[in-house]
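Only one chain is given next, in structure tokens, and it is the form predicted alone.
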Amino acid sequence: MVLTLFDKIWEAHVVARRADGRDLIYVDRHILHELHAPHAFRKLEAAGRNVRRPDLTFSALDHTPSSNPGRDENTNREGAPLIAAMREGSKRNGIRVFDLSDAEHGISHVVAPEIGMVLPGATHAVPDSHACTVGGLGALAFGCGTTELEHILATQVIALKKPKRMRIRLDGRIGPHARAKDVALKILSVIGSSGGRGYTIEYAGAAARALPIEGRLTLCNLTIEMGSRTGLIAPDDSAFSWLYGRPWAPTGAMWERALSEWKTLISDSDAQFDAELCIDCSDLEPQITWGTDPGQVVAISGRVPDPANAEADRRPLLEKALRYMGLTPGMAMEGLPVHRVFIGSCTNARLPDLQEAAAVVRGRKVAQGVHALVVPGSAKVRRDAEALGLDRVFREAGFVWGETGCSMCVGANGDKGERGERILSTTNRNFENRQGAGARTHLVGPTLAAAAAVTGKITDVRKLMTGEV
């Protein structure tokens, strides 16, 4: 039988098929966070049910803890009750918590692959839409709502309608100044924020294979912004080498057995996809969003589009985005003043992201009037960065070096922009009010964010590094 990579993983995890057309998919491991899990715990308790597999269930405190240096659970007072409820519910159900003082604390989508919790061919669920991040290792992951979470906790399965299959082939060789974030934003500029709806996306092609694993995680992280619930990249020798020696990865004979199985995780050569798209990445520029939708993207050298040139049914949304962002058609992106810069989140807070940003920042100072914040994605990333002296680079430049967590991504921990501020952010969503009421967010990669921090304006990092600006 000819199968795609997605089909192989899906069929290996089907427990049963329901009369309503949905499949019950077994979940190998899942990780919770404090915004949704406490409510699911209460619902389970009210129903007299227990967590079916506490040994496969883990809790992360990532959304609400403050990123202020030296923080504790009470620094962000609004999050303190959720943290307490998460600890209590996890203890009651025998679930391990990656607590604030844990050596493996961090954002769930950063920690899970980092420690080897998620492996190629596995299924993974998180009550957070960016569960798809771990598709970068060839895993099949699903974000879930609170009701779905309760069901998973009680049964270890999730009920899903099998999606269609899309393959996005990334051809060419990515240039030295573009990264995985730019690839993802380019795809979004082509298919928009709903182009992947109803599909699972497999990323393939030479440019996808050339991405480091951290880059693959970034690319898959943004799959949900394309309208698709999950996406993945076939695991290869790069993925296997990256996983080898991770704390929770198999060892010895089990590693060899797993490796033999993982090498079969590739779409058959004649597998059929319901939709295909090819993008040449050879001349890819750094990308930036201009509007309030992740699909509203231009190259850094580009200009704000004119709604008059769009289809009639799209014009009102584009005009609304322009008003909110304080932009006019034809404006150049370069040169717009920036008030705040955030480098972090499950999209771009891994060690290579921080290294790339630090290379831009080194020897420079944050521009006057700019608030710049760096938040590592996990305690391990923070330790590794500090061992390399990256914290000193950022601090000496004038950045705040934050504690681990989601921080400013969704503004749930006190880190927010002010009304009218223009923010360059390495996060994944630029919706109205996402990073503060009235705050204007532009999504970028780490190097563009760093360039804006030290110049005080949206700057083409290529020009900064060659001395043109």
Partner chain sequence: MQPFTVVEGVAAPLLEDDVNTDQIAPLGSSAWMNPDYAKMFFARRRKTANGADEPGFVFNRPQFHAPEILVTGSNFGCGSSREAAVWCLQAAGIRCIVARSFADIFRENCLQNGVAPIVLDPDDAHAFEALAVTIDGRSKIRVDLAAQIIKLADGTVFKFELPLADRTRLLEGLDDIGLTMKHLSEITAYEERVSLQHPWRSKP
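Numbering follows the first chain given and starts at 1. Computed from a prediction, not measured in an experiment: that's the story for all the values here.
The protein also exists as the form predicted in complex with its partner chain; that form is not presented, and the subsequent description refers to it.
**Asked** Does each of 303, 385 and 395 have at least one heavy atom within 4.5 Å of its partner chain in the predicted complex?
**Response** No, the whole trio is out of contact, none within 4.5 Å by any heavy atom.
Heavy atoms, 4.5 Å, its partner chain in the predicted complex: which of 165-173, 95-103, 75-83, 358-366 makes the cut? Say which one.
-> It is 75-83 that comes within 4.5 Å of the partner.
**Report entry** residue 258, heavy atom within 4.5 angstroms of its partner chain in the predicted complex
**Finding:** Close contact exists here: in the predicted complex, residue 258 approaches its partner chain to within 4.5 Å, heavy atoms only.
Wondering, does residue 147 line up within 4.5 Å of its partner chain in the predicted complex on heavy atoms? Residue 147: contacts its partner chain in the predicted complex.
Q: Check whether residue 234 has any heavy atom within 4.5 Å of a heavy atom of its partner chain in the predicted complex, and answer yes or no.
A: Heavy-atom contact with its partner chain at 4.5 Å: absent for residue 234.
Taking any heavy atom pair closer than or equal to 4.5 Å as contact, tell me whether residue 29 reaches its partner chain in the predicted complex.
Looking in the predicted complex, residue contacts with its partner chain include residue 29, since a heavy atom lies within 4.5 Å.
Identify, from the list 209, 177, 71, 151, the residue with a heavy atom within 4.5 Å of its partner chain in the predicted complex.
Only one option qualifies, and that one is 151.
query = For the stretch 226-253, which residues lie within 4.5 Å of its partner chain in the predicted complex by non-hydrogen atom distance?
reply = In sequence order, 248, 250 come within 4.5 Å of the partner.
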